[in-house]
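The chain below stands alone, shown as structure tokens; this is the form predicted alone.
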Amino acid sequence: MRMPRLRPSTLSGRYARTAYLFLLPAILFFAFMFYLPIGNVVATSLRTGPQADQWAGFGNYAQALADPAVAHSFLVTLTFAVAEVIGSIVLGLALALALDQPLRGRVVFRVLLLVPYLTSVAIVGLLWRNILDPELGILNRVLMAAGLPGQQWLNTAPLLTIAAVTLWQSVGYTMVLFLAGLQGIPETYYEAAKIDGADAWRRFWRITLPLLAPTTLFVSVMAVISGLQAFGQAYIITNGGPGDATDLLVFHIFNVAFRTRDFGYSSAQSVLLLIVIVAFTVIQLRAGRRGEVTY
């Protein structure tokens, strides 16, 4: 008995239905956990009042764009994000290069560097707040035991301090990403460069860096998104202070929402922050594609 032939369109249609069936749980999860809340925030941003029950239109957006406090928080957040991007790329790549060498115990060091990333922001924040305490902190105690004066770490350079703490927590993850990129570069490239007389520095600039461009792009995109969304560091370590020196934008939005109870205004700021994050991501991805290296 001859089996009936199935047309390609019929097969593709069946495959598509099967694929959508398997994707349905993920689609429902994203719809209810991400897209629905985003839609609710957008709807709330168009209203005002303690209960967000009065129509405001785009008044909250106009107010946010003209608010000096919002502009200051955005500038602080942007500075924080830039520091995170530069630190993540430079320090993460340096650690990856070091731990890609045939060293004894390198697996142990990789694990130790990754442990802070697996720790929650709340625990890391409390840990470093106690370490940096000017009176009881262990860091000042070590300095004074060595005959050096103690420092007001959270008053002298508070934004740099919380950026360093955030980098300490996240650099292990960045190191793993760069390490995976390094191990994906064919060894034959380096062997050919050695035959041509290229030294280690030239091999790094001409082979390693260009072929790590996709990894560097991913690290920079994730660092920008993480930096613009940072909240726990300012909330736990400095509480936005001293003054408003560490008033990160998400922390500012939190204060507007839960301390002044203006949910419409805070929602408008959240939507503007989302637009900024998407814009930065698109710009970075387009810039990365233009300089993409193929091999």
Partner chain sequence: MVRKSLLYGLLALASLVTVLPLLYMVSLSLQTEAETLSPDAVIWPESPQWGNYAELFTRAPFGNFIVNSLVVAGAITLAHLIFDPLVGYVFAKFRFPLRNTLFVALLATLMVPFFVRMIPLYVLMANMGWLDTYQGLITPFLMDAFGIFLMRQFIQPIPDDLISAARIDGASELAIYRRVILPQTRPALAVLALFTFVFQWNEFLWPLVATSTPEMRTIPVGLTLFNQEYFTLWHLTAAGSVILFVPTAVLFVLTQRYFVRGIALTGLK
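If you superpose the two forms and keep the largest set of C-alpha atoms that fall within 1.5 Å, you have the rigid core. Positions refer to the first chain, counted from 1. On a predicted model such as this, the values are computed, not experimentally measured, just so you know.
Keep in mind the form predicted together with its partner chain is missing from the figure; the text below concerns it.
Look at 112-120, 74-82, 190-198, 148-156: in the model of the complex, residues with non-hydrogen atoms within 4.5 angstroms of its partner chain sit in 112-120. Residues 33, 253 and 267 are all found to lie within 4.5 Å of its partner chain in the model of the complex, as judged by heavy atom distances. None of the heavy atoms of residue 207 is located within 4.5 Å of its partner chain in the model of the complex. Residue contact check for residue 19: one or more of its heavy atoms lie within 4.5 Å of its partner chain in the model of the complex. Residue contact check for residue 40: one or more of its heavy atoms lie within 4.5 Å of its partner chain in the model of the complex.
Its partner chain in the model of the complex is not approached by residue 58, whose heavy atoms all lie more than 4.5 angstroms from it. Contacts to its partner chain in the model of the complex (heavy atom within 4.5 Å) from stretch 124-151: 126, 127, 128, 129, 130, 131, 136, 138, 141, 142. Taking the rigid core as fixed, one finds a CA shift for residue 27 of 2 Å or more between this form and the one not shown. In this overlay on the rigid core, residue 36 has a C-alpha that sits 2 Å or more away from its partner position between this form and the one not shown.
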